[in-house]
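The chain below stands alone and is given in structure tokens; this is the form predicted on its own.
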């Protein structure tokens, strides 16, 4: 969603978000302990090396003892080899927890998105969700795999080295310690500003991803209306916003990192100068000065990287909070525990009402309708009357705000969602097909379908064109099925619904994109299917109405008339006016009145 329509933002990395992130790391506690112990051992080897150099200079070198160099040299080689092995082992141990965390988060996010209601997906832009599932997760992985470990390691190294420096020559140690104060103060100021700009960049990147996705999906419409330049201008504006915010972020980081580079270098110059004077006065040995300087150099990276690691931490915290915005959203539709042993498909709407959360006027009010097993009802009404909303209540894509919908006497809200959606199948006016083969798209309706059942469903939906595709049922049809015509997509969606062999079949104006000849063939086949199922058919054409045993007229959010087509045609002027908009109305009405 655009930045100005985001829900109110919570404090970054709220306690709930932090607890959730800890829960993902819990399975890897043992590995994490080993990693931290290995890291501490690695710090010890790094610190030990300057102390060995001190012993070499103040011992064998100072006294001209060539024989004493060999054991100290071998010790230095051993310490270096040990450090390399510890780094190798630590990185090996890091891989599974970090990638395991990212995988678990991505799986849980995807699963949670499937549980969230249609209202959530209607409010959120897909690009924002995509950004959270890709960019934000990668940011969290990078911090946990690199930033968090080095942040703690560097703090430990700075502390240990500072203690050693104070112990060796406290005046220089105090100088080094004093140089850390402005760095810490600047880091805290930088952190607050970086939080804000980092979140802004991530949100704007999500908006940009949405524009790219919408342009890719709607490319035919863009070309058809010649709006390539208009769409490009919108994209360019969004890209420039991301560029401007990113440049602000870079400028902020550049100032901070430049400051961090200056302070350590000035401190190092003062240490060398004052240390040389101390050696000249005999207050410090040459070996101690070399060790002191080497230890001081070991502080340059930990201190200079502080801002970078804090920046990574803030980006990861921002990403975690953006992720938890979705994960902490409570699904409005939760399945019950009820089941139906032998479903018959007896469907009832009992005083059903529905109102959108941000609307004062109800879409549906006091709807009463009964559809007996094996019976088909056509829902007829003007555009915007609430027909699609009514049908969406049956598979619980949305829930009524008043009244209830029952199947075989069971409130659909009490049924297990898997059970409910195995009983109810829906084919939509705007079918959704996925970037997979025709066979895989069809078998989304029923995974254990046989070849004979597939062929029968294809025949019913008059979708035999699939056999003429380059690889038949194994042909990949591309994203959204855009390589197919609107009528072909509708027929595949209908075949998918028929294949599931539901007890309740909901057809939301599924035949609207078919030509008259194909529609007649599909309707003839559907009559056989609907004899064995309870049917709800949203109809705009008179020919589609004739599929039904009775018709329900939906007006002003409620059902005003229920009866057979011929009865309503003769007795309800509004019904006749609605169907009169169909070019085939005269033929259909003449046949109905005979």
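All values reported here derive from a predicted model rather than from experimental measurement. Residue numbers count along the first chain shown, from 1.
Omitted here: the form predicted together with a small molecule. The next part is about that form.
For the residues 235, 185, 356, 465, the 4.5 Å heavy atom test against the small molecule in the model of the complex is passed only by 356.
Among the residues 201, 222, 382, 195, the one placing a heavy atom within 4.5 Å of the small molecule in the model of the complex is 382. Across the options 130-138, 358-366, 449-457, 237-245, residues that bring heavy atoms within 4.5 Å of the small molecule in the model of the complex belong to 358-366. The small molecule in the model of the complex is approached by residue 386, whose closest heavy atom lies within 4.5 angstroms of it.
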